[in-house]
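Next up is one chain by itself, shown in structure tokens, the form predicted alone.
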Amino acid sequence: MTVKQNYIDGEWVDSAAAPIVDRNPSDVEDVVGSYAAADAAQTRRAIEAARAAFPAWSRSSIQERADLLDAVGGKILARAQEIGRLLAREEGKTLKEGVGETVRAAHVFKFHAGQALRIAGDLLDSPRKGISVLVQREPVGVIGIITPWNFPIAIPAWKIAPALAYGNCVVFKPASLVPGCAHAIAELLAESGCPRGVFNLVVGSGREVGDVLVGAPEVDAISFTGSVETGRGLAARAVGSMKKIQLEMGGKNPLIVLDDADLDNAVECAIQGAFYSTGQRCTATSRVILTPGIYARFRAALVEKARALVVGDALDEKTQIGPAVDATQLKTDLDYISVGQKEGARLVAGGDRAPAPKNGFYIAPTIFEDVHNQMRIAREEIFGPVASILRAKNYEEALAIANDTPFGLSAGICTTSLKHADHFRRNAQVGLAMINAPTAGVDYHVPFGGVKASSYGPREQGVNAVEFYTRIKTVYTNVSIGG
């Protein structure tokens, strides 16, 4: 099998290290591809290339940047079925979800193509006579981008596209579990005429590639999505070298269901939020908080629908839930299920590996009840298709339970009460508040991020991306001098 190379300074570069073998979690006998593993020296070379390319790219015309991003977005759309299939094979999302994520990535590139043409500033009068004040935005420099495996094309897109739109250069380290989608992005940028050094791809381990990126003084900013533990370590190191830092980390997202909720919609919100994408989303619903009047009906409907979900090969059109991404994540899911049982929670659906026709990492959608908010399964992010049902005597207690978490990414409520919906949107301690909608599922043109341990630094996506990928310069001009 041909080993696919890294992309450094406008060239495809091989590595002497053993290649990374990309396997299909639906069928481990299926090798998706083989990818060159970058080492520390290659990472430093990529950083040097980005630094050398920065002066010209930062002063390039906004039309050049817009055209590049628009071209990439168009190519992704044209290849959406192909890339979506690749995504499903290497990450385990269903084919439908894989294609949907790919289309979303294309829209992200096209959105930021437009943003490149709308870099705004402010021209202000000064209280001093004869002085004008210009507040302008300028690119930060070299951006190190470190992305997770669970959204292998959407998350890279929403970091890379704004970085390039605002005139920065990029060194991109994807998760080693999903190099295929990262390689596809690099191919399309190269095909679209991206100048040498402006974008660089280095696939490799966090210990080598990630450490070099975070430690290099030539890297001006780090955008990272991943675990809280890793994010905190990166933040401490970044502050030490005065880098800008943007972190998106975990979630333990609640869905409150009140007595007056539309039952069918509430159950669908829980099913989609907890189990789709195999629960491998930082916005996944992991705690369902029910008030007494709807508890029995909701629980029965949720368990019935969860047991009926079709778990299988991500490429099978009948499949609703694909596999866990790898053996490590599957073990984590099963270990947490064991923890929940030992803590006294009652298993009412799933709880074990799901039967499947192929040798993959399949797990049944799992539901616990008799859960209280101090149990580990109610406090720690599992990142699998495991949901806990909690009881609350009323809305006020439900909100208190929802907010009682170290995380603050997404929270939802299902209710027909405008009073409770309005109170919830104002008082949920999260960055994303969902009303009669799943906790997972966000749009590309609006800000994304959370509070508490879920996020740190400026928001991602939409017009707010400009805050991280630019710096402010204030220019004073004495207009009374000269002709």
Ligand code: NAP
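Computed from a predicted structure; not experimentally measured. Note that residue numbering follows the sequence shown and begins at 1.
There is another form of this protein, the form predicted in complex with the named molecule, and it is not shown here; the text below is about that form.
- Using a 4.5 Å heavy atom cutoff, 176, 226 and 381 all lie near the named molecule in the predicted complex.
- Of the candidate stretches 291 to 299, 304 to 312, 96 to 104, 228 to 236, only 228 to 236 contains residues with a heavy atom within 4.5 Å of the named molecule in the predicted complex.
- In the predicted complex, at least one heavy atom of residue 251 sits within 4.5 Å of a heavy atom of the named molecule.
- Contact annotation: residue 336 falls outside 4.5 Å of the named molecule in the predicted complex, judged by heavy atom distances.
- In the predicted complex, residue 282 approaches the named molecule with a heavy atom inside 4.5 Å.
- Proximity of residue 206 to the named molecule in the predicted complex falls within the 4.5 Å heavy atom cutoff.
- Though the named molecule is absent from this view, in the predicted complex it lies within 4.5 Å of a heavy atom of just one residue from 148, 167, 340, 408, which is 148.
- Here is the short version: of 57, 424, 448, 35, the single residue with a heavy atom within 4.5 Å of the named molecule in the predicted complex is 448.
- Annotation for 207 to 224: interface residues with the named molecule in the predicted complex are 207, 210, 211, 214, 224 [heavy atom within 4.5 Å].
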